[in-house]
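First, one chain by itself: the form predicted on its own, in structure tokens.
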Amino acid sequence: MARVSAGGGASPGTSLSVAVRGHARGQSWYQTPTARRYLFGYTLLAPAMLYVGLLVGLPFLFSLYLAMSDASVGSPVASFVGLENFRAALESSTFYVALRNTLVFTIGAGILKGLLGTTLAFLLIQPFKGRKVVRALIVIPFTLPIAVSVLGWKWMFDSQFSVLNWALSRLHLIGGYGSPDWPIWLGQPGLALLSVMFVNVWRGFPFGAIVLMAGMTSVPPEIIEAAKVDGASFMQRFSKVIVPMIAPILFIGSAFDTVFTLSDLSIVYLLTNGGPDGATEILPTLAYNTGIKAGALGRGAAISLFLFPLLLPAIVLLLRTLRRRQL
């Protein structure tokens, strides 16, 4: 008799035994129903695997090759140096400053985007006039070309003509231009890091709101009403009913946001290029400045690969948690 798994279907051992029996009766292995089913599935997966291999796998292998060589701009020959570039990065104080800024930037922006995205999602699912227009306008920060939006913020953060400082001075929260409390947003170390983080949050939190809103609208209203009847408060309904039901969507959205934030080169490069005095230097900008601007391709590639051990545990944890919830 065929063994049946807990899910109601044949177990992998059963499928293999069916394929073996079919082969034993004179059928070719590829003519059995099981083999054809697997072949059909792998055929559908082949374009995606090819895409990932060409656009992700090959660049990653090439980065490993560069990181283990003394490749530089203008040099046609590169020699193998092993882990020398990684050792040089770990011995540099600039690397640890960039690593600290990267962690602060990623974690701080992620928390703010989560809070703002959740609040905005709850507001957007409420019925009010013009809701469709507001939903369309809210995605503008995420859809604008990043160079255009960041250059606009750079003007607003200007040390002399900042519209933010003008508004704060009109509200009598700060003094006029030249006063001791006049903030220089991109010129003071603490303010510069907060400024680039704020622009990243402004650009990214609409994506989180849309993902969360899509998940909340998929929850059946009957379940929410039943929780209300049982006396569950708003926070209890959100944490005990909504979040468990939309957890897969939240995990995937969190994974995407972590990857995008951790590898965000454009905002920091266009606003401060890592300044002032390395206060906003993160690993992507350090790798770019070292590998492209300074011409040390090997060292730049080695620095960029330090993003991998930062991303891998977070992504693995999210995917394992998601898999555990689906079992």
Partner chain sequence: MAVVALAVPRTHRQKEIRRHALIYLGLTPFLLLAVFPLFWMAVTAIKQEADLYRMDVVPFWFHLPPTWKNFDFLFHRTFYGDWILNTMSISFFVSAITLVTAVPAGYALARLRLPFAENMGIGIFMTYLVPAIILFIPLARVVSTLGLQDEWWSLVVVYPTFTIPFCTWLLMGFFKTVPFEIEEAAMLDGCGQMGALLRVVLPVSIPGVITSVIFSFTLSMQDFLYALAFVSISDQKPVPLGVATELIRGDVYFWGSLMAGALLVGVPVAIVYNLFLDRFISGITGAAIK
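Residue numbers count along the first chain shown, from 1. Take the two forms, find the largest set of C-alpha atoms that superpose within 1.5 Å, and that set is the rigid core. Everything quoted here is computed from the prediction, not taken from an experiment.
Same protein, other form: the form predicted together with the partner chain, not shown, and the subject of what follows.
- You can rule out all but one of 237 to 245, 201 to 209, 101 to 109, 224 to 232: in the predicted complex, only 201 to 209 has residues with a heavy atom within 4.5 Å of the partner chain.
- The shortest heavy atom separation between residue 270 and the partner chain in the predicted complex is within 4.5 Å.
- Contact check for residue 84: no non-hydrogen atom falls within 4.5 Å of the partner chain in the predicted complex.
- A residue is said to contact a partner when one of its heavy atoms sits within 4.5 Å of a partner heavy atom; residue 279 fails this definition for the partner chain in the predicted complex, lying far away.
- Proximity of residue 177 to the partner chain in the predicted complex: non-hydrogen atoms within 4.5 Å are present.
- Residues of 38 to 63 placing a heavy atom within 4.5 Å of the partner chain in the predicted complex, in sequence order: 38, 40, 41, 42, 44, 45, 47, 48, 49, 51, 52, 55, 56, 59, 60, 62, 63.
- Remark: with the core as the superposition reference, the CA shift of residue 292 between this form and the one not shown stays below 2 Å.
- After superposing the rigid core, the C-alpha of residue 307 moves by less than 2 Å between this form and the one not shown.
- The two forms, fitted on the rigid core, differ between this form and the one not shown by less than 2 Å at the CA of residue 260.
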